[in-house]
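As a starting point, one isolated chain is supplied in C-alpha cells, in the form predicted alone.
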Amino acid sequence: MNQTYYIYTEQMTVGYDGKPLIENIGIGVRRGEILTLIGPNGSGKSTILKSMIKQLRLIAGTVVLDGRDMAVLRERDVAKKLAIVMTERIRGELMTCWDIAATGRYPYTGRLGILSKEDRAIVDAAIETVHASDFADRPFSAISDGQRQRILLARAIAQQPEIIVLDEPTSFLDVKHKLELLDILKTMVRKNNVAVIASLHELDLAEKISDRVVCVAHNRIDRCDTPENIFSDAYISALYGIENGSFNALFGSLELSAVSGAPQVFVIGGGGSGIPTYRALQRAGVPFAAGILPESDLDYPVAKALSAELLSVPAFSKIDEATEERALERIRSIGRVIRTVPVFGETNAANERLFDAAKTAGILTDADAIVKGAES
C-alpha cells in the first residue's frame, strides 16, 4: 500500500470468532481526503471499520497508522491521532452533553483527567461547531438520537484528531443536520487536513462528499474508485441487487418500478417539468406514456424509469418527423394528455404541435384529475 496514506491496511482479514468474513483487504486514506464505504446491509462495512480501529481483533494482516503498526501503539497515542464516531449507544447517565464532549480531551490530560482552561475552550468550540450549544448543559440521556449524534461528533472534534472514523454518521439526523454534519466534515478535511473514513447508507450523500468510494459486497472489496467512476445506474443496481426499481445516477436517487399496463395518459414534458407528474402518476398506480424527450433532457432518466412507454430521440437531436407522427398516433389512441412544459421553445416545436393537436381534440387533462380518478 502506498506510504502516502495516513492510515491503511495490508492484507487485512476481518471476521468474527476467528471465521473470515472478508480477506486480504487493502484500503487507505490520505490526510485531506474522505473515503466512504458503501454496500448492502451485512456486507461487512462496519466490521471493516471496527477492525481498523481495534474494536475487533484482526484475523490476519496489519493496520498502519501514520507509518506505525497500530497493534504496537498505546491507546492514548492512538487517541491523539484517531477519533471515532460509531452507531453504538453509549451510557451517559449522570453526564451532561458537555461532559460527554469533554471526554474527547482525555488523551491530553493527566491521570486525574483534569481539564485545563484551554481544554474547556476546545470543548466549547467543538460543541458550537456542531450547533449544540443550546443543549450542552442537558443530561446526555435526555436528548434525542439526532442530538446525541451531534454531541458524539463534538467529542471527536474535541480530540483534535488527524483522522476521524465514522460508522453511519448521518443515522438519526434530519435533513438539515445531515447537511450540517457533512459540511463540518468537509471543512475539517479542507482546513485542518484531516483524513475521514465513513460508512454511509445514503448513496446521494456518499456521491457528493467522497473523494474515493470503497464498495463492499459478496464478502469482498468489489471496487475502489472515484464517485464519478462508481455511481452509474448499472453498477449501483448490481452492487445492491436492485430488482424492483432502479438507481438514478444523475440525481443520486432511487426510483420505484414503473406501473405495468397500457398507458392511460400521455405526458408532454421536458426540462425537468415532468418529473413531479411522473412520480405522482406512479404513486397513484397509473401507467403513462411520456415524450417526446431528447436523451439529454432532465426528464429523460426519470421518465425512462417510471413510464410504461417512452418516446425519445438521441441527445441534443431535433425531433424527427417519424417520431412526431408516432407520438401523435399514441396521443390519439390513448385519448388523454397532460402538459407539464410551461413554455414551448423553438427547439420544442414538435411537442407544441402535439399539444395543439390534443387541445383541438379536447383531450387535455391534468395530473390531479388523473390521480383523483385513480384513487376513487
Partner chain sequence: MRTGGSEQNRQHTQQARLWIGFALLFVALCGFAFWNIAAGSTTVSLSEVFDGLLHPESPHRVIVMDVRMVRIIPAILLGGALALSGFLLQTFFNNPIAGPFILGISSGAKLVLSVTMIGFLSRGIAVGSVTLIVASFVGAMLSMGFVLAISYKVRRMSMLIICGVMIGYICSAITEFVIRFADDSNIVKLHDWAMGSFASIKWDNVIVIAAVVLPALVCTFLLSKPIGAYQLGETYAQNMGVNIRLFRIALILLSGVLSACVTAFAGPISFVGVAVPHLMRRLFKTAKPIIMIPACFLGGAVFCLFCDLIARTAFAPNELSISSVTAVFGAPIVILVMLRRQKEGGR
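No experiment lies behind these values; they were computed from the predicted model shown. Positions refer to the first chain, counted from 1.
What comes next is about the form predicted together with its partner chain, which is not displayed.
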item: Residue among 130, 286, 188, 85 with a heavy atom within 4.5 Å of its partner chain in the predicted bound form; value: 85
item: In the predicted bound form, the one of 323, 62, 55, 317 near its partner chain [non-hydrogen atom within 4.5 angstroms]; value: 55
item: Complete contact of 17, 45 and 48 with its partner chain in the predicted bound form (any heavy atom, 4.5 Å); value: no
item: Segment that reaches its partner chain in the predicted bound form - one of 72-80, 208-216, 177-185, 297-305, heavy atoms within 4.5 Å; value: 72-80
item: is_contact(residue 124, its partner chain) in the predicted bound form, heavy atom dist at most 4.5 Å; value: yes
item: Proximity of residue 118 to its partner chain in the predicted bound form, heavy atoms at 4.5 Å; value: no
item: Touches its partner chain in the predicted bound form: residue 150 (any heavy atom, 4.5 Å); value: no
item: Residue contact check: residue 98 to its partner chain in the predicted bound form, 4.5 Å heavy atom; value: yes
item: Stretch 101-122 - residues with a heavy atom within 4.5 Å of its partner chain in the predicted bound form; value: 103, 106, 107, 109, 110, 111, 112, 113, 114, 120
